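Here we start with a single chain on its own, the form predicted on its own, put down as structure tokens.
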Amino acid sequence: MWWKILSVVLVLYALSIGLLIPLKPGVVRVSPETATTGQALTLQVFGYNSYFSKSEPGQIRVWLEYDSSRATAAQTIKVLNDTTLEASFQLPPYLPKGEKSTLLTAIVDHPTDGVSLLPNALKLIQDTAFLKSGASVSSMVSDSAWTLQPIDNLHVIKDFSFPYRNVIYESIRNTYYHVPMWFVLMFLFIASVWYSIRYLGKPDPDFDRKAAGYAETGLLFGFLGLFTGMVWANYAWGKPWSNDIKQLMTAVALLIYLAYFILRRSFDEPEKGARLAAVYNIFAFASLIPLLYIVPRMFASLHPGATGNPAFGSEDLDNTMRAVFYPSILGWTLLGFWIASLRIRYQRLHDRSHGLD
């Protein structure tokens, strides 16, 4: 009984905390998005969940970062409102390493909001007129203009808030609901195939009920995972179904398990159907691993992680997210097994009432 109560508590915790905790401040975009070396640039920075106006003059600092050791700082900063500011730069006349163009990261340091950044915020193009003016190679490779005002003494704010991620924004909260569905699916399918193996060793009708009940509930969570993924994809990728390799393989896996239930009902003799279904369940589970975890890694995927890797990278979750993500997995898993146990009990009562036990 205790684990059922725990499942409800953890799911409610994931639902409430996952939806109510705010995101950290971030930078949505900058304008303009292209500039030329050597020019005076007035850059508008648009923040998210930011409070730019809650600061004293000179407390906000803005950089355009080339790499970890090179950056150019804003000379003047004007706050327009809580989410918009103007930063004026005198861009260096050259790019390090003699490049023709590069992408710079915008970094905003605020005493209240902490550090916000936008990778690849500004495309900086080398002024060809400067190159034609006869500038020496030594001036081209010199880093002095990029290292005069280093990025240091940043305000690191430690609070309980979720990380800001461009593109997905508030939909990052779906991590606590979409991803756990697949964990529950795997745990339930493992339980299902375990009881199918036991049934082949000892044809106990209760083993067959449990194999079917766990597979049925696992399929339910699979469709929930597919649905929440499509909702997320519609927001992040522009449409619910984009033929991503992970989406395609997931659909194939669910169709394979749908065939499991069709097979069970294709025989007049329940024992024969249960035995063949148990064998099919083993092969269905064996196909699940390559479909969900091997094949998607062989192709580029839109899912989080490196190219060809549909899983999470170490940078995708911070400690605040882990405090919700792991309890969410446990809560949804316990709830899944609770639903499966109710389904098995119902089927047991149904069989007894029809003299099938």
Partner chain sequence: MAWPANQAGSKDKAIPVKFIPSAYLPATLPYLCRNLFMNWRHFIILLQKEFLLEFRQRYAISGIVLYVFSMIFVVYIASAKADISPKIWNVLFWLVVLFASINAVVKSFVQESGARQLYYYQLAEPVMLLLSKIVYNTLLLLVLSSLSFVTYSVVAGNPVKDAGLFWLTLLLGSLGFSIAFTFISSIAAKANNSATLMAILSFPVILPILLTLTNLSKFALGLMPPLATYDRDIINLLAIDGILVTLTFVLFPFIWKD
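Residue numbers count along the first chain shown, from 1. Note that this is a predicted model, so its numbers are computed, not measured.
Note that the form predicted in complex with the partner chain isn't included here; everything after this is about it.
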Quiz item: Does the trio S69, L118 and W146 actually contact the partner chain in the predicted bound form, every residue with a heavy atom within 4.5 Å?
Solution: no
Quiz item: So in the predicted bound form, does V231 come within 4.5 Å of the partner chain, heavy atom to heavy atom?
Solution: no
Quiz item: Would P290 count as a contact of the partner chain in the predicted bound form, using a 4.5 angstroms cut-off between non-hydrogen atoms?
Solution: yes
Quiz item: Quick one: is W194 in contact with the partner chain in the predicted bound form, heavy atoms, 4.5 Å cut-off?
Solution: yes
Quiz prompt | Partner proximity in the predicted bound form: Y280 to the partner chain, non-hydrogen atom cutoff 4.5 Å | solution = yes
Self-check item: Residue stretch of 151-159, 101-109, 86-94, 281-289 approaching the partner chain in the predicted bound form, non-hydrogen atom distance within 4.5 Å
Solution: 281-289
Quiz item: Heavy atom within 4.5 Å of the partner chain in the predicted bound form: which of V30, V295, L330, M321?
Solution: V295
Exercise. Scan L224, I168, I256, I125 and let me know which has any heavy atom within 4.5 Å of the partner chain in the predicted bound form.
Key: I256
Quiz item: In sequence order, which positions of 246-280 have a non-hydrogen atom within 4.5 Å of the partner chain in the predicted bound form?
Solution: M249, V252, L255, I256, A259, I262, L263, S266, F267, D268, E271, K272, R275, L276, V279, Y280
